[in-house]
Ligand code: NG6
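Given as structure tokens, the chain that follows is alone and in the form predicted alone.
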């Protein structure tokens, strides 16, 4: 940890220690699904399969109908979640490559930092995809993978370093690749290491899941990936076992820290491609491996709940469930997600999905549950994953410096379901890139800005198919939640107001 951050933590920690003694702070478990759409849970309208464990969370707490992630792809949403800052403000926060460096600057005061200041043990288990190693160098796969989670506030980590359609298929813990044999070093690159290196192109007939686009480099476990790697055979995992392993690690973290406050960020890989759930979940739904993976995700939530109940921690644990972006069908593999979709509406009533500025890209399930503290109900308040830094700081009575978490709003009362509580009034949404493609919701009005005049609709199309749209569009979400009718011609003053507000927020560099 650098000197500036250490000093800030020491000063703020001292202020917390000097404060009046309070009852034990609640544990916090943040559960993030991957590519889970608004309509992918039975408590949000899915009818052809059930998600009973998540439904129970929703029945006991607050289910948000205007819950958002901050971007329609994974890396920028995760960046914003941990920093409280819109990812478009920082260069290099798009989808991280296999050899990408840590994209969160170590000087940044993060959500896990704030929890540490409040006296929490902090852990992250699951998908990372925020890079490892120094800028200009990237990860040292055979040595210390620093900087990483420990340098930005996490005491413990057990990670998939990138995302599972990208190489390598190994676990990282204690800043090293787990079970790596020094005599079989791991090499990761973006170029074919040798002319005879097997790939999804050269050995396509050997694949147990074929690719549709882009995922045709190194083969592991019968599935070709993005990028190339060799070695590390003893360290490699089997895709089907990911969820089981992360449940095991999550239980161990909870058990180890049961006697003092803990913050666990459980970042599931379900339901991201390649969708290969454990064999016991394969075929349990009518929609193929995509919805089978949703059932597996629901099972992991149930296992965490069972652990809390067994340890008598349920009444002292706030659980927040969310997704990193909206749904996608064909995202690079031929897994029959489109062919078996049937009448299931992964994005619910909304247009678009992953990669999109439309509501289906960023309006996702958000559920908060804290037995005995959060009343059961459905909330229409606007809340976003970017708000968790400021909101959890408020929960733990931890001051946030004015220079930190610049776009994170304190919506704690809304998250706790308090009567009359208000969420956000406005929110910037983005796709994977920078400032070019943005959307801005203010009240019921929403403006979309497509710099390249095209957008992806990944619910009904391949991600390669583009739909031409005007550069600016205006929608009223109260009367047109599916964004079918562009009102920019009928309401030019409203459009101009939103354009000006959006530009002012961009220029300010912060919104809190």
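Keep in mind that what you see is a predicted model, and the values were worked out from it rather than measured. Positions refer to the first chain, counted from 1.
If you look for the form predicted together with the ligand, you will not find it shown, but the lines that follow are about it.
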query: Site test, 63, 266 and 373 vs the ligand in the predicted bound form, non-hydrogen atom cutoff 4.5 Å; finding: no
query: One stretch from 439-447, 29-37, 46-54, 469-477 that, in the predicted bound form, holds residues within 4.5 Å of the ligand by heavy atom; finding: 29-37
query: Close approach of residue 363 to the ligand in the predicted bound form, 4.5 Å, heavy atom; finding: no
query: Contact of residue 215 with the ligand in the predicted bound form (heavy atom, 4.5 Å); finding: yes
query: Contact flag, residue 355 vs the ligand in the predicted bound form, heavy atom cut 4.5 Å; finding: yes
query: Residue 226, heavy atom within 4.5 angstroms of the ligand in the predicted bound form; finding: yes
query: Listed residue that, although the ligand is not shown, lies within 4.5 Å of it in the predicted bound form (heavy atoms), from 346, 388, 132, 74; finding: 74
query: Selected contact from 300, 163, 379, 317, since only one has a non-hydrogen atom within 4.5 angstroms of the ligand in the predicted bound form; finding: 163
query: Heavy atom contacts to the ligand in the predicted bound form at 4.5 Å, residues of 297-328 in sequence order; finding: 324, 325
